[in-house]
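Just one chain follows, in the form predicted on its own, and it is written as structure tokens.
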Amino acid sequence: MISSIRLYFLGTGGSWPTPQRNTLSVGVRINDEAILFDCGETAQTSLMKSSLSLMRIKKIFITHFHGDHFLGLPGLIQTMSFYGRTEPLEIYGPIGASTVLGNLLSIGYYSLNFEMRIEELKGSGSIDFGDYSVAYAKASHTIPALCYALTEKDYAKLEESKIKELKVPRNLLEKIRKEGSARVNGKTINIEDISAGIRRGRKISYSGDTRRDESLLDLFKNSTVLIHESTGDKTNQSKVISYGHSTGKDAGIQARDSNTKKLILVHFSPRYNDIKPIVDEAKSIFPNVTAAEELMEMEVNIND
């Protein structure tokens, strides 16, 4: 069962790093496990400034192979090896991941103490990781790209009075929750016997780089948090869209139409010293908007 989900904004800018913003990378800590969505070139430096340990990272999901989304991988992986990592690292990405990452990670003279598992994701689908799943779908970008959605599994809320009445041992509660039933004193106790209803799992969706596209609404549907790129505002709309990106207004529409609870904007173009026009655009469509800042951290609460 997942007790805590926390977000770490390790890079919030787009295209190239600036003195104000690093290139894109978002960490998600699920209990004691960490996941990265994208790994811009400054990701490991930001990790070292954050409260998220790079050694807890089990999986990395890359949206596409523009440099600002993946060039931090070689340095991060070498540092993991220097720190003595032995646990395998899983890396997921769109078509071409095996070739691009295989070539990138073979640069230089170094050896790893751990196994890297690279998996190419084609089309759309979902991967089950036990307490959560990660779904993916094709983004509307200029090269093969994916958007992702991490969803915590729904789980039954347990009724304390029923547990006591049926004399269910505490050490069997998680077994009943996961398997649906267990034998207690010669009798089968089902989850329905001690349940007080279902708690819906939290959902964190991440756009990577994409134009606004209605085909992504199903992936983003009912997100607790939607982290969506917002490269520019209406003054640069034609250029933003032609390069496969979204405006603040586009991000707001995607949040509104997917029944999202909270929208967090990322991937601001380096041309913007002031991102207020982008944020204002999004808020004109969808009021619950936050502009991500470097090293911002946020707990995703059950009732968010």
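Keep in mind the model is a prediction, meaning the values are calculated, not measured. We number the residues from 1 along the sequence you see.
This next part talks about the form predicted together with another copy of the chain, which is not shown.
Another copy of the chain is not shown here, and in the predicted complex it never comes within 4.5 Å of any heavy atom of S133.
Contact check for G93: no non-hydrogen atom falls within 4.5 Å of another copy of the chain in the predicted complex. Contact annotation: F129 falls outside 4.5 Å of another copy of the chain in the predicted complex, judged by heavy atom distances. In the predicted complex, at least one heavy atom of T18 sits within 4.5 Å of a heavy atom of another copy of the chain. Interface residue among L166, I143, I198, L112 relative to another copy of the chain in the predicted complex, by the heavy atom within 4.5 Å criterion: I143.
With the partner omitted here, the residue from L217, L172, L104, M116 that has a non-hydrogen atom within 4.5 angstroms of another copy of the chain in the predicted complex is L104. None of 247-255, 24-32, 232-240, 41-49 except one has non-hydrogen atoms within 4.5 angstroms of another copy of the chain in the predicted complex; the exception is 41-49.
Along 58-80, these residues reach a heavy atom to within 4.5 Å of another copy of the chain in the predicted complex: F65, H66, G67, D68, F70, L71, G72, P74, G75, Q78, T79.
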